[in-house]
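In the block that follows, a single chain appears as structure tokens, in the form predicted alone.
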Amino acid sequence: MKRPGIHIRLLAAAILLIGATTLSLGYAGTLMIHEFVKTRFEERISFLARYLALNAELGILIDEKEMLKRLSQNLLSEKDVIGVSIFGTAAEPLAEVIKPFSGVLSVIESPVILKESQDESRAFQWNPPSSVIGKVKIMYTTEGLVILLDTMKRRFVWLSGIAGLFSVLIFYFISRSLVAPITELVQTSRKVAAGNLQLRADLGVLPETRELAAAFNAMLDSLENSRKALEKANLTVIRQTTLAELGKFSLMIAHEVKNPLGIIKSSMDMLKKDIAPGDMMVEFIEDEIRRLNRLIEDFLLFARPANPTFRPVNLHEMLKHCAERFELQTADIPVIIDTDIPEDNYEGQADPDLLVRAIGNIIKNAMESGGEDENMIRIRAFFDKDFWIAEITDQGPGIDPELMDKIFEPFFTTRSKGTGLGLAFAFQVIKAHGGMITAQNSPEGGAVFQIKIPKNDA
């Protein structure tokens, strides 16, 4: 059985608390009101009895029954008074009026006391008469009081219920606002657990939930950084393992493939003497021999660890010579090389042989990106803070975003005749120089390769 959530628990606790508080206050309030109204009602009837006794004094003394009857009838006009009786000294009835009524009656009596004259001294009274000369009796009903109390009870119950319901509604929305960020955080954690690692929790507006969401996001960021670091470490281990295996395999390649390929090349040169010049078959075989030899050389060069021999090098002059060498190869292909290299000299510590080959691989890759269409290659150099930067831009179709992370991996290529080692070798050489190489697509079209080497003046 699923246990109720925090929202249901808070709401149930609020209902119980508000209900108990409302009932307790209602019960206590009803008792207080009942006692207050009853006391005030009895005080009112007692006041009427004393008032009647005060006014009946003269009528009893002179035995004026008509006067006493009028006093009784006047008092009978009160709503809750049912009957009035006035008695003399000997308890004989002097006046009595009663309204027809069927129900329970209550009775209150008050004595009629003779007032003493202020001019007469009690010392001269031989046998002073009793001060009580009669009494009045009022019969009254509490039906109106009961109806009033019942009405007040009903209204109090209704008001208490409405107040309790209103309080529950207010607490519901408050509880919902408190629980909503936690619920959203739980849903976010489930989505993250399902694989959406880029999702982050909304901070919300409450300080406590903001801190909780911020801590949750910080944990996700830490996990993401750890995951990336682990992936990077795994790639480094895989790359180092691959290079080690390539180093071992290169010895077999040199012995088992390159040497027989040299024999095939020599034999082909001897056979060409007996074959008519321009034979397509001979040209095809020679082209394949050259391509296979270039593949083996690239393989051996990449498998050999890139250990630069640093010496002072004019990097601007080196980049110009590299661009000029490729300009000589653009006579028969629709490629234009545009350079923007500073004229001043900048000498840094580098291995020119490895660096020229690495940059040459990138320029060659840019030249081949245009296919048979006209292609503009832009080569420029500049400084950015502590880095010397060489940037090579082409006008080709660009790089597929899904392949952007794979282009520097060994043997990865999108061309049928490519080896997939040119960019990997460039990455290896630039990294050996303490720099970095990146690739991205230009907004105008084409790809942009950027080489950043730390400034290390000679």
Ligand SMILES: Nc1ncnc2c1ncn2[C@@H]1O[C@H](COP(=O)(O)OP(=O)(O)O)[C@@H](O)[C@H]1O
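Throughout, we count residues from 1 along the sequence that is shown. It should be emphasised that the depicted structure is a prediction, and the values quoted were computed from it without experimental measurement.
Omitted from view is the form predicted together with this ligand, to which the following refers.
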query	finding
Segment assignment from 66-74, 22-30, 51-59, 391-399: heavy atom within 4.5 Å of this ligand in the model of the complex	391-399
The single option of 94, 319, 354, 366 touching this ligand in the model of the complex, heavy atom within 4.5 Å	366
Exercise: residue 40 in contact with this ligand in the model of the complex, heavy atom 4.5 Å	no
This ligand contact in the model of the complex: residue 415, any heavy atom under 4.5 Å	yes
Partner contact for residue 432 in the model of the complex: this ligand, 4.5 angstroms, heavy atom	no
In the model of the complex, residue 407 touching this ligand (heavy atom, 4.5 Å)	yes
Those residues of 423-445 which, in the model of the complex, come within 4.5 Å of this ligand by heavy atom	423, 424
